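Before any questions on binding or motion, here is one chain by itself as structure tokens, the form predicted on its own.
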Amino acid sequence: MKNSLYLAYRYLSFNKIRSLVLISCITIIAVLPLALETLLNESERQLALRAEESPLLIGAKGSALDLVMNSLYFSDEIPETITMAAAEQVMDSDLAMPIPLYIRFQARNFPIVGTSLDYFDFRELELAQGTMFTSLGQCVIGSDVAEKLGLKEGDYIVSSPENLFDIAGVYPLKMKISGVLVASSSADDRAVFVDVMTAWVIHGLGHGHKDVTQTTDGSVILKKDKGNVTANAKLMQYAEITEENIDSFHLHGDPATFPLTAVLAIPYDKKSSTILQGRYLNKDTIYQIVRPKEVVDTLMATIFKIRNVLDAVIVLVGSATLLALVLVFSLSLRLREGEIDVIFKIGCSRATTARLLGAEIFIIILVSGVICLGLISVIVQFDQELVRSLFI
């Protein structure tokens, strides 16, 4: 058998392209369903775990899936906004603790999550370095953000404009990083957390102004009297909040009317949860209240249906590929009739010929199996990161 394996190895080495094509086909057939199964199981685990940890979500009437995916996993789909008054109503009900969420903007392709400090206690997030944000313009970043961008406590990160032609004059905000979170293997690892008021400043609902009485730029002065200075439209809003200018920042309007994408409600007990849900059953209300677990269960049921279709497609494609491989081997035998005839003439039996061909197939399957195990091991090792980047 050793000699047969050696001869088969030499033959496959000589016909490199044919061997590589066969190995690639078998590897793809084996890896594809296993990788898909691994990633779908991990995505189900991550989705279900975070949904189970989030009791209730309050948002505008519309797509419950968009609301859950944006609020829990910080997806790019932005639901219809509600106002801060919704969080105040939950607080006044004395049935649950409200955690405001305003998830709309990004900083270098990472979502900016406007929330309160209660969020970190609820998610049991801990700091690897630094402190939580304590003033306007500060932020706390997840471990993935820190690692991929090479940032640490004391560095700065700038919010990204929603479009390049912002006629409203809302400038990107330069935020100081007050702390970095410990990795939690969740969506929180790739988020930039700010106070909800800082998110409103990014939105353009709050800003500060220069002290025009001290400016040396005459182009911003429209009129200057003895006790009064009038500035023109060239006066810039601050793009950075510092200790020197923080007192000049202010919000325009009533904060109760300012936008939120959702309110994460944490009921004090089961009875409070039932009562709170009942208050949002009125058809006239502009809000909806959802249980994230139910929404995610519905999503996973749909994913499983799609997976069944994909499995059927993979089986059909795999069967067709296997038939093609059989055809390749059959044609190969036809082309190698001269070689087989020589083997017979030098005194080898049919069993020897079968062993040579079997050794070739064995080597091809063995190499494909090793490559398959290597690829699956890599996928299993990085399945959490792959799921967060590809599915969630």
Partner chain sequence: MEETERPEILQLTDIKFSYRSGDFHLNIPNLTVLTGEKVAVIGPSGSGKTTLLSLAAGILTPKKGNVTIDGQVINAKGDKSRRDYRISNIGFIFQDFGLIDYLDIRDNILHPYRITKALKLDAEVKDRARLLADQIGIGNKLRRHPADLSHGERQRVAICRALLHKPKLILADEATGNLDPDNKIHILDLLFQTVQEQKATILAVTHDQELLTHFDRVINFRDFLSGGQDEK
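For clarity, every value in this text was computed on a predicted model and none was experimentally measured. Residue numbers count along the first chain shown, from 1.
This next part talks about the form predicted together with the partner chain, which is not shown.
- Residues of just one listed stretch (334-342, 38-46, 53-61, 321-329) have heavy atoms within 4.5 Å of the partner chain in the model of the complex: 334-342.
- For Cys348, a non-hydrogen atom is located within 4.5 Å of the partner chain in the model of the complex, even though that partner is not displayed.
- The partner chain in the model of the complex is not approached by Ile29, whose heavy atoms all lie more than 4.5 angstroms from it.
- Contact check for Leu356: a non-hydrogen atom falls within 4.5 Å of the partner chain in the model of the complex.
- Judged against the partner chain in the model of the complex with a 4.5 angstroms heavy atom cut-off, the residues Tyr6, Phe14 and Thr352 are in contact without exception.
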